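A single chain comes next, written as structure tokens; it is the form predicted alone.
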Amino acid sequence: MSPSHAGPCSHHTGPVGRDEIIHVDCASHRYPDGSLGIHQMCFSVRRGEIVALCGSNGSGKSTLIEHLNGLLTPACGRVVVNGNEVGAGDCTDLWKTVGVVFQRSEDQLFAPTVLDDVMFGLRNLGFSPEEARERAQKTLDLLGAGDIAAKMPNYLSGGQRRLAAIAGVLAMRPDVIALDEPTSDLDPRHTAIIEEVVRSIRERDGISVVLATHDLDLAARLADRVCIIHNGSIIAEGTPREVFHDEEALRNAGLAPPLVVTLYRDLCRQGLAKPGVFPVTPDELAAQISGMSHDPSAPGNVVAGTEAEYRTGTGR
């Protein structure tokens, strides 16, 4: 049955992996106007990983994110966070585990100053005013945004608002931070800042990151795992190398491949690059073209194999 004509679904109770913070098990959600948000969605977030949700506008990325911290609950299926099923009991503190930064960052900024905004969640956690102020300022400093602490949110640039919203969530030190289109409408400078922030969140703080984006180049540079979403369901999942060289999956989702993938295919057709090596970042493409020797066991190196092997994971 087509997802766009979804009928009743059964309630699944599949096992939750030990390293999974979030486990979405065949969840479906339809909005009051009848439009489908997600359909039989199966998804997980593991500890310490960056997972990218890639899809066109309206594919279901934002709807899935709103299920991760209980803003929405599924009509059927289940969402389990740290072993507790969302909607099955008291989940009022779910925001402490899963922090969400929405695409419209200004919707999350309401206090007189940025510092007050970042302090707000900490005060709700029981921090004293002095403790909340100290941690809020330290968090802004870590993001390179300490100079906007005293500014009014209404007078910030788009990139500054995004950093302020991320700081408000990061200060509470959740297990997972979900970012909905974090670089949309940003200039290259602020896009680079946000990209580095996402890396540091995982590397420095050990926080898992869910990145919803239709920017496949960004996902290729950042993600450990990529999920392609179309019509509310995941139609392809794997490493960036596996997914972004899957022409059929990208075409079905209405997505253009990352620039590096497009260039690589063009170079192969011209005989300037070797088929069977599947780069996803500029460094990998440059190394392949130059014929540099790479250690297959080294992280981030280009490894030769067939495309089919990479899709199945046997070529890694």
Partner chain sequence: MPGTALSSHVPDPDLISYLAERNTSWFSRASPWTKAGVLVWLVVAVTVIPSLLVTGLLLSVVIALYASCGLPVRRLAGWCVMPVVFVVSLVILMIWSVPGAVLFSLPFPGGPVSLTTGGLSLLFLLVGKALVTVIYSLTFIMTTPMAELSAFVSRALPSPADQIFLLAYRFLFVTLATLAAMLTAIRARGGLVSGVVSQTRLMAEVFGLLFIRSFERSERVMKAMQSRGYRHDLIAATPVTWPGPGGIAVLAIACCALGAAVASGAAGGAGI
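Positions refer to the first chain, counted from 1. Source: prediction; values computed, not measured.
FYI, the form predicted together with the partner chain isn't displayed, but the following is about it.
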Q) Though only this chain appears here, would Ala75 touch the partner chain in the predicted complex if you measure heavy atom gaps against 4.5 Å? A) no
Q. Are any of the heavy atoms in Asp205 no more than 4.5 Å from a heavy atom of the partner chain in the predicted complex?
A. no
Q. Using 4.5 Å between non-hydrogen atoms, is Pro153 touching the partner chain in the predicted complex?
A. yes
Q.
When the contact criterion is heavy atoms within 4.5 Å, does Ile194 count as touching the partner chain in the predicted complex?
A. no
Q: Go through Arg199, Lys138, Arg173, Arg123 and name the one with a heavy atom inside 4.5 Å of the partner chain in the predicted complex.
A: Arg123
Q.
Is the partner chain in the predicted complex close enough to Arg104, Gln108 and Asp116 that every residue in that trio has a heavy atom within 4.5 angstroms of it?
A. yes
**Q.** Residue stretch of 165-173, 140-148, 235-243, 79-87 approaching the partner chain in the predicted complex, non-hydrogen atom distance within 4.5 Å
**A.** 165-173
